[in-house]
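Before any questions on binding or motion, here is one chain by itself as structure tokens, the form predicted on its own.
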């Protein structure tokens, strides 16, 4: 494998330059052939960044025979659409045969997708949504720093067009604040994007913005010249004449479509492959036989793909001690977010030992007090990260750290934790992370902050993410158990709760229902009350549970028996409990959520899919809320105790 020792090589020798030129020729051919035969793809940016890719893999620590080598440097390709260039270079360095790539690129069932994916050996992080890559690189760099890997570097290759994204600025600031000095970002500055010149679409003063954020800035006037580029990258590697405590950005001036005369400086080729006749012409220009295209075309047509589940990089599974559960007594009235804060502090005390690498991390966005993370912060100051009002970056960075074995809690209000960062969670879900999103302010229960801050669509949105579980505790005791459960279980989880204080859910003897012996089991609902045969069942969860329990009491006084089913585990949902309830009598769902996309619609789906006919009425939010006290809002929206009683009487 071609390697360059940056400590001893000040400039590239003629032999090294000759080797790189031949490597470039082979990889450029792969870019042309793969995109032409797939009839789609992004050859222009792949060619402009090809010199960077070839040099980086020659300079960084990696092992193609062991892609998961623990001592490797991490490389995030933020401009995921240059996958033809990335795959071509990875095959050049021996990660896989070029045939795998050229016969399968952009074909259904193959790991070689249009944007880089972890199913391909050597890819650290699925990208595609521009502007998220630097946040991912921050996460890897932060993990290395926390683990004490002083010789570990993290690289991020970005495009100049994506510098227009606000999340990039968020990631820049975070890297400087937390001293990610071993982070090196390379920007492929070809001055073109889909719409044309970056200066015309949306001008960005790239070097000035990184300098203003506190980064070291290295400029390479010709990034398609191996010698010039190497000297710039080496300077970044060694921090020559740079602040050793700050991250480095290398801004490399390149040419889109470099090496193919009729492609150079043409924005058209950002996402347009060459037709076959021009592809043959391009191969000839770079000194290769045009017949190469025909040879690979035959191989591609003859190749049959056997779809398999994509393999992902190994993710360490940390052993987390759950700690001792906290049980709040029958007379306690508190909020679920305080119970969350107490549980998180307890987990930190059990797992984050002073002087050792922490196991649990906490990320907040200027809401440490409101989301009750102060206790965690006091116990584990080095494991707590105040990201500021930068939710997009926080969502990605926190998720990425879990790929290196940390259990990370990202906490903020529902509108920020779900609505604002949905796309970030979607990408993390595709990357199979282990993120714990704990949202402390959901629904109309947020109250006086009004409709802009009342997240009423948290289930509807999070249900779309295949790898996320959704849990909504009924009271502080159940909150404690759920938080400990998600901390000790691998997988993405969303835990939501309201803002208000509430009483504990009690059993018929007046003792906490979720007492010392209670164990939270995902996919298992809780029968808080059992009515007689033929009686209705109220299905609810979270902040509406106190209203449901009061309604149960009033109905009892009226001589009307009902069952109460707490659906704290919304995904996975307890279908058996719903079916049992439906076979017994009518159903009423009650929730502080959009009525058409919450537990009501889930219940209806379960009934229909199982061929069960039963009366079902759904109470929930049917319009944006107002600014007011939660109790008043629940009354106005028909989800308070009186509305529940009337609904049961009607069905």
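Numbering follows the first chain given and starts at 1. Quantities reported herein were computed from a predicted structural model and do not represent experimental measurements.
Although it is not shown, the form predicted together with a further copy of the same chain is what the next lines describe.
Sort through 401-409, 250-258, 479-487, 380-388 and report the only stretch with a non-hydrogen atom within 4.5 Å of a further copy of the same chain in the predicted complex. That would be stretch 380-388.
Would you kindly say which of 239, 297, 115, 191 lies with a heavy atom within 4.5 Å of a further copy of the same chain in the predicted complex? Of the listed residues, the single hit is 115.
Could you work out which of 170, 574, 124, 445 is the residue within 4.5 angstroms of a further copy of the same chain in the predicted complex, going by heavy atoms? Comparing distances to a further copy of the same chain in the predicted complex, the residue within 4.5 Å is 170.
Just checking whether residue 551 would be counted as a contact of a further copy of the same chain in the predicted complex - the rule being heavy atoms within 4.5 angstroms. No - in the predicted complex, heavy atoms of residue 551 and a further copy of the same chain never come within 4.5 Å of each other.
Counting only non-hydrogen atoms and a 4.5 angstroms cut-off, does residue 285 reach a further copy of the same chain in the predicted complex? Because no heavy atom of residue 285 falls inside 4.5 Å of a further copy of the same chain in the predicted complex, the answer is no.
Even though a further copy of the same chain is not shown here, does residue 613 get within 4.5 Å of it in the predicted complex, heavy atoms only? Result yes; residue 613 sits at the interface with a further copy of the same chain in the predicted complex.
Proximity of residue 324 to a further copy of the same chain in the predicted complex, heavy atoms at 4.5 Å: Outside the cut-off, so no.
Could you list the residues in 414-437 that come within 4.5 Å of a further copy of the same chain in the predicted complex, counting only heavy atoms and keeping sequence order? Going through 414-437 in order - heavy atoms within 4.5 Å of a further copy of the same chain in the predicted complex - the hits are 415, 416, 419, 420, 422, 423, 424, 426, 427, 429, 430.
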